[in-house]
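Given as structure tokens, the chain that follows is alone and in the form predicted on its own.
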């Protein structure tokens, strides 16, 4: 894209401020800026106008049924065999969402490279791949793993995998792709500059995983290997069990297009998203979206009526994803403090000044049309690492790793 084409494009979207300092840039800086402009997705800006006046329409909520731990135990071998068969045929791959940094842990590096060990070197990646190796040993085959990185941590993540011999997986089974980005904009919808020749961009949220995947070279691998199911999971949880044959088999046996691992909430106030039905369609609501009365409701057994929290471990049917991926996921706009460039200097605001736009994987559940909730034992599969200390922290995750017999 040359300058004139960029100007025409920006005029169409009323964003010509991005070329304000163009003439002061070096040739290489001009090239970088023009490439960024060419790749901009302006559609994410469409929902910003009168954003504060808009209220999402909410349907009628009802609790979702789940395959309980007892249900799974009763059908364990049947489900395992079905999942094992799918894995042996190469129909299931994993997608690791690992674009984040470890800044909240006081660590400067990709979050997955953080050492969760005490007396040993055990990275978050390493802990998760230990669990995947258990699956490999149980079913007798490796499976493909797609690793979503960010522009910021891609090189270091790839280097870490190489230094750790891909955690025992064949190198040709591990594929990396970079998450796409969305522009940050001020409250009037004007895209910000990070520097004179660089647009302020941020990862487009965990809902952008599939578009980022299929628009990369990894999309060709899905077709080439005839992968039918994608098990998507987050780097945050060191006890994640990925490509679990029982989880896969249960989803297949029920003819579902989507499955979600869930845990019973520890209390009404626990900060986890809830899998519920909204107008009889599966959806995920945040803990703060339920009013206090609803959140505290209990059934005849004394259990929370709305009790199943998601742990960001989902199984998606590729065919169905391809049908719904053309439907736009809703954009979510988070007010953030975002430094920006203006008239020769970087401005560092003291209060939120801009929107970060992102899509969320939870919104994909509703598009899938159905979702099987599969309960897992939270002490065996749920050890999120969100903070350095306290709840959902390095400390709490270490205790659970030790409880599960992992040497740290």
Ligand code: UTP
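This one's a predicted model, so the numbers in the text were calculated from it and none came from an experiment. Numbering follows the first chain given and starts at 1.
Omitted from view is the form predicted together with the named molecule, to which the following refers.
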Indicate whether the named molecule has at least one heavy atom within 4.5 Å of a heavy atom of residue 101 in the predicted bound form. yes
4.5 Å heavy atom contact, residue 111 to the named molecule in the predicted bound form: yes
is_contact(residue 201, the named molecule) in the predicted bound form, heavy atom dist at most 4.5 Å: no
Is there any non-hydrogen atom of residue 126 lying within 4.5 Å of the named molecule in the predicted bound form? no
Identify which of 87, 262, 315, 148 has a heavy atom within 4.5 Å of the named molecule in the predicted bound form; exactly one of them does. 148
The named molecule: the contacting residue among 92, 213, 235, 191 in the predicted bound form [heavy atom, 4.5 Å]: 235
Does the trio 179, 206 and 386 actually contact the named molecule in the predicted bound form, every residue with a heavy atom within 4.5 Å? yes
At 4.5 Å between heavy atoms, only one of the stretches 75 to 83, 282 to 290, 101 to 109, 168 to 176 reaches the named molecule in the predicted bound form; which one is it? 101 to 109
Within 4.5 Å of the named molecule in the predicted bound form, which residues of 333 to 358 have a heavy atom? Give them in sequence order, or say none. 358
Change in CA distance between residue 121 and residue 101 in the predicted bound form, which is 3 Å or more, as closer or farther: farther
